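Take a look at this single chain in structure tokens; it is the form predicted alone.
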Amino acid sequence: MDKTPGIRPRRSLGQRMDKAARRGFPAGTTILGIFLISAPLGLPGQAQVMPAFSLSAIFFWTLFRPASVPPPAVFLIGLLADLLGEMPIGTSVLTLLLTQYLVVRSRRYLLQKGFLFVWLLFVAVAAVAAALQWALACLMNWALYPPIAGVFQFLLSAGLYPLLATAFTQAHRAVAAPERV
């Protein structure tokens, strides 16, 4: 936003709608992605893709566009992921909100680092998130599930992040950039 004094022309309705759409792009595409992933496609490992996708999206967009994914939006995204991914209610919500908190707290430091460092941190976050979701699922259902699903989710999250980060970076610089209005 330009803070220099002076008279500027008022933005048109189309410009304001364009800016709002660009600001809502991160949360909107994350929600759209969750709906697409939950579609009955019959893909192997599809149940683990949703937590990997939502974790990657929240991590990336919180790092680069924190104003576009406020905590209420992250709460709704986590709730939607829990409902559509058939997880115990609250596991994705808690995981995503904790991830957002961690990224916000270390954002200034992370923005100065290269992609490899950020990815390695994401791998650590994905390991903790998978373990937390597995533990919460066991606790909420009073059952001891085999940890292989959590290990697969962690590996999928770690491997999926570079691909999603590349696509999100392109969007961040083009269609999702509110500065371009």
Partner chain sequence: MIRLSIPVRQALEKLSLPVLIAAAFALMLIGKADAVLAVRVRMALTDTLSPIYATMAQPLANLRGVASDVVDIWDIRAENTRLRAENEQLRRWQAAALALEAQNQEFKAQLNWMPMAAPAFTTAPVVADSGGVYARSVLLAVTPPHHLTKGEIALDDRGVVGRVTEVGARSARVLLITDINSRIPVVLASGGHAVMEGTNGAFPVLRYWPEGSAPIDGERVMTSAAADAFPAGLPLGTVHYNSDNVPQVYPEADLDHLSMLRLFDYDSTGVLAPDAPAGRLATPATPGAGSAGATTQGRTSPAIRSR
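None of these values were measured; they are calculated from a predicted model. Positions refer to the first chain, counted from 1.
Keep in mind the form predicted in complex with the partner chain is missing from the figure; the text below concerns it.
Taking a 4.5 Å heavy atom cutoff to the partner chain in the predicted bound form, the contact residue among F152, Y145, F117, F35 is F35.
This chain is displayed alone, yet in the predicted bound form one of L156, A27, L136, A47 has a heavy atom within 4.5 Å of the partner chain; that residue is L136.
Shown alone here, L110 lies farther than 4.5 Å from the partner chain in the predicted bound form, counting heavy atoms only. A131 falls outside the set of residues with a heavy atom inside 4.5 Å of the partner chain in the predicted bound form. Using a 4.5 Å cutoff between non-hydrogen atoms, A124 does not count as a contact of the partner chain in the predicted bound form. Not one of I77, A167 and A174 places a heavy atom within 4.5 Å of the partner chain in the predicted bound form. Taking the partner chain as it sits in the predicted bound form, the stretch 68-84 comes within 4.5 angstroms of it through a non-hydrogen atom at P71, P72, F75, L79, L80, D82, L83, L84.
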